[in-house]
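We've got the same protein chain twice here, in two forms, each standing alone as structure tokens: structure 1 and structure 2.
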Structure 1
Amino acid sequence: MKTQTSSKAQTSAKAQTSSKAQTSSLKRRKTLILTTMMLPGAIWLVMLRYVPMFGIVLAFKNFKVYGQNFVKNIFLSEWNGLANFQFMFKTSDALRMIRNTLGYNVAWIILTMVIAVAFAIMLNEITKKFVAKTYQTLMFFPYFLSWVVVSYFVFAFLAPSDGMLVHFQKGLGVTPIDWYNTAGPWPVILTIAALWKNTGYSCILYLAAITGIDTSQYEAASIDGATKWQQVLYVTLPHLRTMIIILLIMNVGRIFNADFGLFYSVPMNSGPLYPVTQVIDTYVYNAMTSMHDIGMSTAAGLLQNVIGFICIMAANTIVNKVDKESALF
């Protein structure tokens, strides 16, 4: 009997060991598969995001070309400290380009948030799926267009000789506006272009958050006599708070950056429009193409990203103190 019991115990132990080995093997295989799936994205992230960070040293060097080897040129170039950062603040255009960059970003962050939330709520109220999907597609489509393409759409309206608005003004007997030499209307034109192209993306994000709200809450509110506006105010908006704050934090991180394609391509880089269209990115580009100073442009990019990082940390810290659940991290 003892021999049989011992034999059974050994068999059971072997079965458990074999089962554990199989489980461990399956876990390793699953980990390997998931790691393999992750590798392309990880390689892309390292190669295009982390390896180029070595170029940050150019912000503190007086870059000179000594030969065809770019890396060797970096090492041979002399250190010049913070001299590359001074050009952004010593120029007479410094206040103007910083004002334009911050002003447009603040206005567009607020307008995009309000308009995108409003459209998301309206889209959610459409009962016919085909109509809702059609509206979503039409709103999201401009996001995929290049600013070069958009600039030609704008040019079709504002072209000095045969633009649609020019023909309309002539038909009314009004002297046509030379749009590409008149700075006054361009803050509005740029705002319309930015909202038309980017609002759809935020709208889809808010719409996804709205569809995740439990419908029983709307039913309960309706039974209690709440109107549609009250349901939006007391059910929808509180559930969107986290999404709104996360997108707000991410947008605040880019408050010192401007959309180069918008400010360069849409106004056609017209000189008379610089008072309202020149931002940090376009100024750096124009300065680099004329002066060929890579160190200067690197310093500007580094400064923008450092300020963006500080803004993200500050905004997230404030949100953490007010509502930890809505913080980004």
Structure 2
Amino acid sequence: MKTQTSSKAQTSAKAQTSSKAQTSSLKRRKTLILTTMMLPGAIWLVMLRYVPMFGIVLAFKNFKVYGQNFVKNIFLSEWNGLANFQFMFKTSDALRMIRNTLGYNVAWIILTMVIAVAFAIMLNEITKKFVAKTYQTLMFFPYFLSWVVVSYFVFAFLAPSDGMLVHFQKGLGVTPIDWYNTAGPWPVILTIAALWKNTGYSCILYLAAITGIDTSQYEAASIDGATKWQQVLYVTLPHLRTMIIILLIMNVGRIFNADFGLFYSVPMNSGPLYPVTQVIDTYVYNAMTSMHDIGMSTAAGLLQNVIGFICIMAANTIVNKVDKESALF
């Protein structure tokens, strides 16, 4: 009897350990298989992103050529501390360009988000699919046009002698505004251009996320007597939350980077508009056209990225505390 029970207990223990071993080996197998899925992307990231990162040291070096090998040249070049960073602060415009870069970015992040989410919800409410499709296609169109082409279009409106707005003002008997030499209206013009070009893009991301929502949830809400507005508030928006937060965090990381084409091409690099159009990226560009310096341009990019990185980490930490599911990592 005794031996029987003990052997029984033994077998069950054996079975237990073997099933444990089985699950852990299964788990390892799963991890392995999932890792193979990561490999193509990971290898690419190593080769095209991580390996070139040795170049970051250029920001702290006075680069000179000593031989034919690039990597060796970088290591042989003298260190010069933070000297390459100075040019971004030793200008009387430093505050102005930081204000412009930050100000436009913050305003546009919020505006684009609100408008794109609103449009995506509206598009989803249009019952005639053909109409919805048409709107969506048209809204996405500006995204196809490069800023250079957009700048032609803006110019067609605002050109000093034969722009359409100028003609219109003349027709009304009003003294036409010399648009490219008057800074006042440009914050509005730039905002319109930015929203016009980027809303369609964000809208599609949100619309695709809405499309993924199971319709039975709406039905259930509807049966419970929820109005359309309540359905948006309690079903749609909570589902969009993750996408909204992710896009917000990403945008926060680029808060010190400006869309160069928008600020350079659309105002046609016109000097009198600098008070409202100069951003960090255009300043660096102008400096680098007068003086090609690989150390200085690396330093400028690095500084923007470090600040962006700090912002993103801060934003992610906050999101992690509030809503762990939506955090980046």
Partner chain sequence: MQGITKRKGARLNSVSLPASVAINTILGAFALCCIIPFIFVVIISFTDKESIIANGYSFFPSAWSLAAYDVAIKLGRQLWLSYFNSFLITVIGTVFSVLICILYSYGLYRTDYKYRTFFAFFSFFTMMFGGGLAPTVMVCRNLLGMNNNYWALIGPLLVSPFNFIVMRTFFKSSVPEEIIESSSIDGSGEYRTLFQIVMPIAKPGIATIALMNALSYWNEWYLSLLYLSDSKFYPLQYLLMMMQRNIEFIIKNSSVLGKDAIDLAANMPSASLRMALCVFIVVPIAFAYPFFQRYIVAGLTVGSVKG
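Note that the rigid core is defined as the largest set of C-alphas that superpose within 1.5 Å between two forms. All figures in this text were calculated on a predicted structure; none of them were measured in a lab. Structure 1 provides the reference sequence; residues are numbered from 1 along it.
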Structure 1 or structure 2: which matches the form predicted together with the partner chain? 2
Does residue 276 move its CA by 2 angstroms or more between structure 1 and structure 2 when the core is aligned? no
Core-aligned, is the CA shift for residue 286 between structure 1 and structure 2 2 angstroms or more? no
With the core lined up, does the C-alpha of residue 107 move 2 Å or more between structure 1 and structure 2? no
Quick one: how many Å does the C-alpha of residue 35 shift between structure 1 and structure 2 once the rigid core is superposed? 11.6
